[in-house]
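Only one chain is given next, in structure tokens, and it is the form predicted alone.
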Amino acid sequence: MADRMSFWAWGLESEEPTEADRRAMAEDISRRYGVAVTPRPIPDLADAELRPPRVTPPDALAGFCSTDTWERARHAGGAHFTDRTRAFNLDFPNPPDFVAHPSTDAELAAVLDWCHDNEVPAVPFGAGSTVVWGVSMPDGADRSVTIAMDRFDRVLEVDETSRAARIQAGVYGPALEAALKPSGHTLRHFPQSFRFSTLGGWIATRSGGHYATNHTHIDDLVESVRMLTPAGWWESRRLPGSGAGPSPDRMVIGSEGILGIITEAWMRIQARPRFRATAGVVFDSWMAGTEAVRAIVQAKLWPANLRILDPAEAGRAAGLDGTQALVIIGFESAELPQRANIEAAVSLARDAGGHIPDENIVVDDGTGAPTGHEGPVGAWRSSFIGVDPGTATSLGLLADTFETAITWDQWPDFDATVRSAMNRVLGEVCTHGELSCRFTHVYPDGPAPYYTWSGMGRQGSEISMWQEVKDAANEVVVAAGGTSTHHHAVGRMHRPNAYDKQRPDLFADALRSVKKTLDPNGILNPGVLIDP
């Protein structure tokens, strides 16, 4: 059998933590937190007792549908801490009754029509990397089907003149890039879930890539979209830009599967970069570093990477001493050397109080010299690229992130308010609570801070304790003026106590009207973005 995705860990079955890995992690947690931790055995899916399917596919669909236990367990949720914890405990409260894997427009239309005609809720599924409960059917749904798009997995056409490509929605990030590489192109969209996420998922969730400024969101890369709705096909005209009324693409981007199933898109691509430059600038204070970031982004030099790690994050992930912040600056281009840009950005950072020796500014003038691989920047890069598969799952350790965005004028007070509220709740809910922050993206009018928190909870109570912390994070972020989510989407996690408070009520009414037109029976991903 080919290596397949783990039903409980992040990644492939071959990459799952071993019993030895989990014993070592348990010992480390015991030492760090002074508690006794005993790892439970890694689960065997053969021991799972999934509810029997309440509906089965008709003969016309059966050839590309499955009621297999792994299929239903794998598609029962996403990749969040809570999803993985439940799966480790073989707890699948509402798995899909069957999973469809259409490979043609006709098969997709057939299964969606069947769901519509029989009023069976349907969840579009890309790769399941959602961390906001975006593909899990809520309790109380009496039937459900997952429509997996993994067989819509090809780059169909490349227009080298216009620098665009027609790409199917189910293609995974690495396969997409491999298909573009022979022509010397890249989509240049690299979310942290890149290995196990798809183009359709990126579009549906308004994904943000690693690049910190200028064309980092998938919004900026979409030229046109094709989507199947219960009411029929939705396809926009392929154009570089248009002022003809509200954009039909903007209605699809971020729709999170409630309006239709994205099948393909024309995407703006670019030449692969040849010239690069990086620098890591150290600051004696967090706020001085954030002011440097503001100066650089407002100068509109458009670095590919412009992040700041607060002292706690810089100490943990970049090897600093825990008292200094680190600003990471990176430039890249396919056409032009980047020495002048990196020197200009470093000059602005120094003017704001940053420290960096000239020899730590690393430039590749097209020869292929490595940049960003040494020193604090290299240490951070290595820690960032690595994603733990879930070694600590069910060991009592609580850990998660939440991200937002705020305008620069509100930023200092916002950060102080968030830290005060979250440190208080972490102290109440768990022991040894820690909170840190970095910027993942920055704009001329404000940053996107990304908070990471952790603490020791009680084995067996991880999800309920996590929920207390998450509720507090949702509340303080929105009350302080930030967005409920910057690039992780809304899903079911950020409703109703965050997103519903952020978006205008009239907008929700308008979205319900659009959904009623496209999805008259309300079968697609019910409960996401708006009430069923």
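These figures come from a predicted structure and were not determined experimentally. Residue numbers here begin at 1 and follow the sequence given.
As for the form predicted in complex with a small molecule, it is not shown, yet the points below apply to it.
Q: Is the small molecule in the predicted complex near all of Val131, Phe196 and Ser207, within 4.5 Å of a heavy atom of each?
A: Every residue of the spot touches the small molecule in the predicted complex.
Q: Might Gln192 be said to contact the small molecule in the predicted complex, defining contact as any heavy atom within 4.5 Å?
A: Answer yes; at least one heavy atom of Gln192 falls within 4.5 Å of the small molecule in the predicted complex.
Q: Any chance His488 has a heavy atom within 4.5 Å of the small molecule in the predicted complex?
A: Yes, His488 is a contact residue.
Q: My question is simply whether Gly201 lines the interface with the small molecule in the predicted complex - judged by any non-hydrogen atom within 4.5 Å.
A: Taking the distances in the predicted complex, the answer for Gly201 is yes, it comes within 4.5 Å of the small molecule.
Q: For Gly457, is any heavy atom within 4.5 Å of the small molecule in the predicted complex, or not?
A: Output for Gly457 is no: heavy atoms all beyond 4.5 Å of the small molecule.
Q: Given a 4.5 Å cut-off on heavy atoms, tell me which of 273-281, 87-95, 287-295, 118-126 is the interface stretch with the small molecule in the predicted complex.
A: Looking at the partner contacts, the answer comes out as 118-126.
Q: Considering non-hydrogen atoms and a 4.5 Å limit, which listed residue (Glu223, Asp310, Glu256, Glu462) is close to the small molecule in the predicted complex?
A: Of Glu223, Asp310, Glu256, Glu462, the residue with a heavy atom within 4.5 Å of the small molecule in the predicted complex is Glu256.
Q: By the heavy atom within 4.5 Å rule, which residue out of Ala345, Leu326, Val135, Ala265 makes contact with the small molecule in the predicted complex?
A: It is Val135.
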